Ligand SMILES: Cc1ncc(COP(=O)(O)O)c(C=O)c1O
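The form predicted on its own is given below as one chain in structure tokens.
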């Protein structure tokens, strides 16, 4: 059967774009027939292992069995998709995170698009870390803020932030006098580099540069929610900065072992999003079983289970980073490196990127030996910074780490990087 696109300009354009990515090694695909054999997981964002935790599964199924409505919500929250369970969960989340109000979104992507599309008003500016998530960029592009007032600063550099803010104020006096707002967007933990934001310093800088109170910080806690802070409340709560952050985004698809997201803000901002944020207005609400799932994970966090699992994850992450460092240092000819990261609040970053070009051969070698690891290539990361990103979990063991590092040793030898100077 001939394609409806055959011979059309669109067919030519799409095919050329995909061929260009294939030729340069950047073509994205998904397996149509995913392998059924289980590989050791060093790839997913299931940092606490909760998505496969048998006790959480049992708790979820038991709770689900006592719930009257468990399937789809059938409509937008603003029509018939709202329920007492959605409202109760939002109130519980607001109390848990010590926030004035909470609003559920279907995903972290939807939430960021909603936030950055509608919250900045005409004439405002958005300053963002250069490694901010793609969803923030998509929100900014759809906003009323022109490109000249959407300004990046050097990743995790407070001095870089000060330079950008200083230049902005010098060229635009209304920002200093408080007539217009400036939003500073950061992530608590960056998914590609695995490093924590210097959040306290960012807030002090914003206060210093905007004494009129018109500087606002927005924090994406996607990779710290459930992992860091008291009972897994995140970096903001760990630092006690809940009252200093205008908007927090916490997602549930990573350490929480579920899906969905919540935006934590003031009641005024919540009401504004209900009226203007299209990802809330024009989408079907989270299904009831998703609401049950979030509540069950909250139960596990509140009883201390999450903190115990975060401690296990930290032990494995530190062991993995040390073992990988020793291996890479034994092959100086490889020119490979790990992106550095520090512990915060006694918790290590679960994300350990191995910078290697090209990354695909190493990722496939890991996979062929039973270890799931993925390449991260351009355009997700800058050219020259391609990597194999490892993510460790509370459920990983030191034996599994040892096996992963042994595979890396074997791959290094095959690349003729020189004989290892260190023993396993």
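Positions refer to the first chain, counted from 1. Just so we're clear, the structure is a prediction, and the values are computed from it rather than from any experiment.
One more form of this protein exists, namely the form predicted in complex with the ligand; it is left out here, but the text below deals with it.
When contacts are judged by a 4.5 Å heavy atom cut-off, residue 251 counts as touching the ligand in the predicted complex. None of the heavy atoms of residue 150 is located within 4.5 Å of the ligand in the predicted complex. Interface membership of residue 133, defined by any non-hydrogen atom within 4.5 Å of the ligand in the predicted complex, is confirmed. Using a 4.5 angstroms limit between non-hydrogen atoms, residue 194 is distant from the ligand in the predicted complex. You can rule out all but one of 103-111, 173-181, 200-208, 332-340: in the predicted complex, only 103-111 has residues with a heavy atom within 4.5 Å of the ligand. With the partner removed from view, the residue among 120, 279, 215, 260 that has a non-hydrogen atom within 4.5 Å of the ligand in the predicted complex turns out to be 260.
Contact with the ligand in the predicted complex, judged by any heavy atom within 4.5 Å, is made by just one of 222, 348, 228, 286: 222.
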